[in-house]
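A single chain, nothing else alongside it, follows as C-alpha cells in the form predicted on its own.
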C-alpha cells in the first residue's frame, strides 16, 4: 500500500496505472474510517483493478469548532486501509490542496456568503475568491437549496470543490459515495457528468450497525444513552416507510408521525426533516413515486443525519 501526499506524485502514479489499462476505483473520505467507508472500499475493490482512497479533512466543509473537534486517527485509518487491500492512500496537506490559502481561519469567511445569488442550473467555478480558495465550485440553485442546503448551502460548495480537485488529480474510472449523504451524492453525480464524463459516480446503500444506527464518524462521540436516543430517528424513518407502504400518500401525515416519535426523546432536536422526490430532491405533497425520507438532527450538540429511500414505482 502506497501513501502519497503530493498531488503531482499522485497524478504521476495514477497515470502509470492507467497506462497499463487498469481500472481505478476511488473512495474520497475525511478520515475516521468506519464500516460505511469500508463497504465503499470493498465495492471499489470488487469492481476495479486498483482501489484508491483519499484521506483529507477539508476545512471548507466545517465550521471552525467542528473542524478542530473532528474525530480522526490517521494511524488507525492506515491499518484499516491495509486490511481492505487499498492500493493507494492519497493523504495531502491543506497547503497541497489549497496552495493560495495562508491561514486556517481564511477558509471560514466564505461560509458567511452562503445565500448568494447562484446560477439556476449550472455549476460555476470561481477562479480565486477573496480568501484565496482557488477553483471554488458554486452548486446550482436548483440542487443546493434543498434538504440540508436550506440550512447551510456552503457545505455543498465545499464538498463539490474538494471532489472536483480530487477528480482532477486522481482521474478514477469509478467513484463511490454513500446514499446516506443523498444530497451530496446527487450533486457530485451531476458535477461529474458536467466536468468529468469519463468518471462514473456510484451510490452505495447506507450501511447500518446491528442496532440499525447508520454508520458515521461522529458515532464515536455518542454515549450509550445518546445512541439509544439517536436510534429513535431510524425508528421514525421506518415507521414513516411503513405508513407509505400501507398506502398513506399525504406527506404532511407521514412527517407528523415521524416528528412525534423523534420529539418524544428529550435528547433529540430536529434540525431538518422532509420527504423529497428522489430525482429532483424537491419536497413533495403527495407520495406516489420514488422518495427520500430525510432527517438531520442533534443529539445534544452532536449533529447526525439519516435517510431512507423508498422506490415505490420500482416495486409495483
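Residue numbers count along the first chain shown, from 1. Predicted model, so just to flag it, every value in this text is computed and none were measured.
What follows is about the form predicted in complex with a small molecule, which we do not show.
Undergrad: If you check in the predicted complex, do 162, 181 and 184 all have a non-hydrogen atom within 4.5 Å of the small molecule?
TA: Yes, the whole candidate spot contacts the small molecule.
Undergrad: Which among 249-257, 45-53, 22-30, 266-274 is in contact with the small molecule in the predicted complex, heavy atoms within 4.5 angstroms?
TA: Every other range fails; the passing one is 22-30.
Undergrad: Does the 4.5 Å heavy atom contact test between residue 177 and the small molecule in the predicted complex come out positive?
TA: Yes, contact at 4.5 Å.
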